[in-house]
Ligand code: GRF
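Only one chain is shown below, in structure tokens, and it's the form predicted alone.
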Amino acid sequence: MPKPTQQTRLPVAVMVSGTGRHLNHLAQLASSGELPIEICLCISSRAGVGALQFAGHWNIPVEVPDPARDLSPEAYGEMIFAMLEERGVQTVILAGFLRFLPIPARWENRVLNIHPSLLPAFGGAGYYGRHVHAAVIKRGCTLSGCTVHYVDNVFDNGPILVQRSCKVHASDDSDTLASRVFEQELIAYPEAIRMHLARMAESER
């Protein structure tokens, strides 16, 4: 696998299920040269989501495989990673992707995810989006945040790359807390991707 340099950009795929705010932000950073990646594919678990409009804006090819979810998780994963390898993708960035994706051993530490809590707190099945923030508030936490981690075959598990925190205010509801956590996510994900790039370069030395 060639290591990224200042002259080359890491080929990545971004996988989405919703609004695509992270896709848009990462595409902006890639376009400006602030992040040495090339988003060569956007894979969505659903048709018609907002993320696909952002993909179109940035001229990113889109695939929506198995939208009816007819495939088993294993068959779905095999199809996805065959598609990624055919496109020359070297790293996968999950950005609000809400479908279980089995990770083959050959892709270990090459699939990243961001979760809107300080894992391992408020992770696992059922903890996604505003469900996480509602649970944080209900528990009475005074601190929340986000976690970027490598993905393995357990929900919201795998080695942590970056965590960033923010306060939970007494007046918060799930929407206001989500907004504050997302501000940290916009910092954390690019930071984690740069860390991943550095690890890849180090492993090639």
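Just so it is clear, the model here is predicted, and its values are computed rather than measured. Counting begins at 1, following the sequence as shown.
This protein has a second form, the form predicted in complex with this ligand, left out of what is shown; the following refers to that one.
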query: 4.5 Å heavy atom contact, Ile114 and this ligand in the predicted bound form; finding: yes
query: is_contact(Ile80, this ligand) in the predicted bound form, heavy atom dist at most 4.5 Å; finding: no
query: Residue contact check: Pro102 to this ligand in the predicted bound form, 4.5 Å heavy atom; finding: no
query: 4.5 Å heavy atom contact, Gly123 to this ligand in the predicted bound form; finding: no
query: Residues of 172 to 205 having any heavy atom within 4.5 Å of this ligand in the predicted bound form, listed in sequence order; finding: Phe182, Glu185
